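In the block that follows, a single chain appears as structure tokens, in the form predicted alone.
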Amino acid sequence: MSEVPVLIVGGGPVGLVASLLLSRLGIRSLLVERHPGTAIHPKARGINARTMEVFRQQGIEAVVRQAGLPPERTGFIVWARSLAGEEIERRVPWGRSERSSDVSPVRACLCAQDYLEPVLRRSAEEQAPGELRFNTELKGFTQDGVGVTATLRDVVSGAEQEVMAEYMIAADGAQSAVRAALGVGMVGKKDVYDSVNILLEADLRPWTADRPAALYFIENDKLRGTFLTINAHDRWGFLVNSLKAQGYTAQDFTPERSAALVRLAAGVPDLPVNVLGVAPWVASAHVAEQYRHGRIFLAGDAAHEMPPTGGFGMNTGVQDVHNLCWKLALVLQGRAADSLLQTYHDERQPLARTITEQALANAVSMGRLQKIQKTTGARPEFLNEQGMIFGASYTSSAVVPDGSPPPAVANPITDYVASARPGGRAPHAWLQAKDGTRVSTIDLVGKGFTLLGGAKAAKWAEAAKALEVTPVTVGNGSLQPADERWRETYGIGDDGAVLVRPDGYVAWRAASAAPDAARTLAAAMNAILGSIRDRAS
């Protein structure tokens, strides 16, 4: 029997990112995926700016962008009677607007999943000590107080092997076999509407080139469907929702019928269309009751299924493992107590419930659960969810409150106020180096715990070094605030400090100096990681 610290089940974006994250944290893992390779269908496409920040901190932002489309080729969202017909509405998604640069130095990206996964796979395989095995399925597992014993089967040869892992991450998708075997209950609504994805080749540039969009919603009295931009040239997806409500069944979508529907939606009866594939699916809006089950953790679609309206499924999953993997690493290294692992559920499950509810609300506003009707468009929050993307705030034992109230916002889904209040994402602020180059605070965190201190925070910095926390001084030395945003968003004086976790969220904040900086910071770290006594036990 072979042994590995972490077994990852599932080789989609969530599992691949988990492998990459653990390797960069120095933790061995084994990823198993039953399919022979990465995705062959576009599936998810939108990568929001928060996920791109994660990719940036892992050194893969540039290669992901290279695999996707530049922002100027997906700048709009369009509603029309047909591609060649009347345009009803046009929006600029917040993530692709100039306003987004105030919140993050990183822009959202459109990269189809079958383009993204090979990038993630190469990056994960380049990182030792992770191992990836495709054509390998999980046949069964048991767990006890010391680990998970898994039976793996080679899909090609049929050979079986037992692996002992200290922990297992189940990233095996919406039909998760691990979730089913654990008997996990789900909260929310199952099977809210049915859909079919049509992957096709057709040159749609005559009707799209002058209004480049990520999505073209087609709504008329005969059809409701969506053109999904993949390469903005001759490779597209076409999505038909609410099949039963529109009088269709999945079996109706033969290649010939699918091509006819694409021509109808395009408004071009003689359009040459080559149907590459047809994939029916059913949208659900529910979340696992518990993300942690002993030594097994649910992540991605295994933990939450949500309608794609808003593009949150893959993004939420990637951010799940970004939250989980540093905690696993510290526990495996003996630097944190087991109690830290429970904060994965405490932080991510409530947020997933909120996101899933909002994704469903988007779908309802767009008529996805109804027959074709004359109302068009979507609610104002659709693709304008900066508050939900950047303003999420965690409450758990891995956050030490400072007594400050959360920022006041009129709409927590759309509105974001940058703040370094404990529990929230450490906000973006521009700093200026001695050579005049600008550095974002986003680029100073993500490689472990980081202490961002003011110009007179030397004692905090000394205390940080003793705790293996990286100190960064702002305002006295190599980095100066480029504008007032640092002071406005971080809310500390020159002798204050902010402790940022490896996932970029604020764990603790001191507005000013303390009588005993070393004792104060050590107490905060013990509260976050678990006491020394707990760790020893």
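Keep in mind the model is a prediction, meaning the values are calculated, not measured. One rule holds for the numbers: they count along the sequence shown, beginning at 1.
Here the subject shifts to the form predicted in complex with a small molecule, a form of this protein not shown in this document.
Only one of 491-499, 43-51, 468-476, 504-512 lies within 4.5 Å of the small molecule in the model of the complex by heavy atoms, and it is 43-51. The small molecule is not drawn, but in the model of the complex it has a heavy atom within 4.5 Å of residue 113. At the 4.5 Å threshold, heavy atoms of residue 281 reach the small molecule in the model of the complex.
Contact annotation: residue 312 falls within 4.5 Å of the small molecule in the model of the complex, judged by heavy atom distances.
The small molecule is not drawn, but in the model of the complex it has a heavy atom within 4.5 Å of residue 300. When you look in the model of the complex, the only residue of 359, 171, 108, 168 with a non-hydrogen atom within 4.5 Å of the small molecule is 171. With the partner omitted here, the residue from 82, 226, 197, 242 that has a non-hydrogen atom within 4.5 angstroms of the small molecule in the model of the complex is 197.
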